[in-house]
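Okay, here we've got a single chain as structure tokens, the form predicted on its own, with questions on binding and movement later.
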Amino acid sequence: MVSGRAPEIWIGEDGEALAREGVRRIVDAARRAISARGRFVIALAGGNTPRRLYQLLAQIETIDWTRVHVYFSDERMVSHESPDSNYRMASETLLRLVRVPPSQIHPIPTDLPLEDAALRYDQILREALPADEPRLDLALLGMGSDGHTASIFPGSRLLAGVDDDFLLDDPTTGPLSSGVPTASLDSFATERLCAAVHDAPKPPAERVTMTPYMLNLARQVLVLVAGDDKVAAVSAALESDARVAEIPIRAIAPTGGELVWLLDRKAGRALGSPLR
């Protein structure tokens, strides 16, 4: 990782074990957040890996769901009824099954044009998060086999300023010499919290994503990774000094929070001496 504390790495036998460990940690984070601040603010991830976690989480009765506030780390620009919608997957497997008030569920408004949707979700975050400390309590993320997370893909301009040598041949961005920026609440008013993505390398190309800045403000980030196809990306993210522009998940390093990687045995098999 490029900054922040060293991540905790947990490896389970399979996807079921990974999902159960994720549930355990979310329940613990919710309990602590509600006890300390009266609410639990979580950003959910899309993709296939969190599906089983959501199904198990829906069975948990020890969370006071009326105090949970739900956001999304990214979304494809499709209808909320589309099978490609992150909101639909989370809704069917979790949100419709628990007692979260509808007013506390904040899907990305994909009915708007792309740039408008990103601006509106930025506004939603600014208006709904606690004014004194506008942070997510927990951000749930996945990682693709190319090292992307949320909808932050290799080469994304959202990574400019994180990688010192990002796009050195591009006169509009580099070279950059500012080093690795620290996500600070002091710059909350001026930083982008969400961004439009026009050219995702996997369809659909148009998406809205939380920015590295927003994700790195989180009190805790859980990265869920499963499957043989993720082995190389896991190794590049955790055991190399690969450029952030090449492995975007390396931009996620909350300086004021915890970073935890939850892996199944297949995804983590290349790691030297993982913790469990």
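Note that residue numbering follows the sequence shown and begins at 1. Quick caveat: nothing in here was measured; it's all calculated off a predicted structure.
Another form exists, predicted together with a small molecule; not displayed. Remarks below refer to it.
Here the marked residues Arg67, Arg135 and Gly257 all miss the small molecule in the model of the complex; none has a heavy atom within 4.5 angstroms. Note on the interface: of 68-76, 93-101, 111-119, 124-132, the segment with non-hydrogen atoms within 4.5 angstroms of the small molecule in the model of the complex is 68-76.
Heavy atoms of His198 never reach within 4.5 Å of the small molecule in the model of the complex, leaving it off the interface. The small molecule is not shown here, but in the model of the complex it comes within 4.5 Å of a heavy atom of Thr49. Remark: Pro154 does not count among the residues lining the small molecule in the model of the complex, judged by a heavy atom distance of 4.5 Å or less. Within this chain, Met143 lines the site of the small molecule in the model of the complex, having a heavy atom no more than 4.5 Å away.
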